[in-house]
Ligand SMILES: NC(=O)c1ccc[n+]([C@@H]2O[C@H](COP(=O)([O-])OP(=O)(O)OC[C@H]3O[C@@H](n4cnc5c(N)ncnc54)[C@H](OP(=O)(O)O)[C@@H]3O)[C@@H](O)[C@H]2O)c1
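What follows is a single chain, given as structure tokens, in the form predicted alone.
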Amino acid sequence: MEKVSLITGCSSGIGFETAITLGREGYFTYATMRDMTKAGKLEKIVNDEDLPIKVLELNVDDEDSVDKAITKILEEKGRIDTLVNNAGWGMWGTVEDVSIEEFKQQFETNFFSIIRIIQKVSPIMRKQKSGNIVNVSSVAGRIGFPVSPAYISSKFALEGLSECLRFELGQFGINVIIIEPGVIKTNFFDSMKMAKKSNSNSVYNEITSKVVSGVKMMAEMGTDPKEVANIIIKSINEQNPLPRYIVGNDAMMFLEAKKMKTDIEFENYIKKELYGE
């Protein structure tokens, strides 16, 4: 039986590479994105390689857009075997500098949109008595550090949601898998938004500059997004996938350090790694 996958956020980075990888593995893949003007690069590869991939418009923040996309998939294929919740973005700014409205915007895409899609896809998978829900989290879903609390909080929330879902959906044959990449070599950090109050007048300007520079430097040597795509494929092809998959040497290093050190030791370690203190 043909396996059908739905991936969000496929215009670039992890979503882009995952769509191509799934297509090459024979999955009929709906590669979705909010802005269809960014579909050209993916569509060229699909046409050149004759891959079973269909690019579809889906704005995860818009319920009507989500309904329309899922309805179309069911009309065409009648099933969804794998859902990869990948769409997301990040924001720079300390807790004081990020407004409540900006926190809400961050959570709308990185957390509430995932709930929105799962609530629509999980009944389909329950009827099938099978399925994989892959939530692309981050090493930042298990480690806090300064200047991106909105993004990090949304990923911590996603980790908790995913653990709950494993209990609730596992009984119906649905796997819930968390992917935890470290710093990935994409345009993610370049496209991160800056909180409106994060400017030269902010008392946090110095630490913000240090952290942003440090993370962008790490991104230059980051993990290739293809490695994340390969881990996603590996996880959904396993009969009994693990709850979590860590991707990237840096992610493994950070999580191992957190396990081995006291909280204070780990805070000092993060300061040194991020901005040399």
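Note that residue numbering begins at 1 and tracks the sequence as displayed. All values reported here derive from a predicted model rather than from experimental measurement.
Another form exists, predicted in complex with the ligand; not displayed. Remarks below refer to it.
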* Candidate spot 9, 35 and 186, all three in 4.5 Å heavy atom range of the ligand in the predicted complex? -> yes
* Asked: Pick from 175, 82, 138, 148: which has a non-hydrogen atom within 4.5 Å of the ligand in the predicted complex?
  -> 138
* Asked: From the list 49, 61, 43, 67, which entry has a heavy atom within 4.5 Å of the ligand in the predicted complex?
  -> 61
* Looking in the predicted complex, any heavy atom of residue 153 within 4.5 Å of the ligand? -> no
* Non-hydrogen atom contact residue 112 with the ligand in the predicted complex at 4.5 angstroms -> no
* Report whether the minimum heavy atom distance between residue 128 and the ligand in the predicted complex is within 4.5 Å. => no
* Asked: Is residue 181 close enough to touch the ligand in the predicted complex, meaning at least one heavy atom pair within 4.5 Å?
  -> yes
* Asked: When the ligand is placed as it is in the predicted complex, which of 120-128, 86-94, 68-76, 166-174 ends up with heavy atoms within 4.5 Å of it?
  -> 86-94
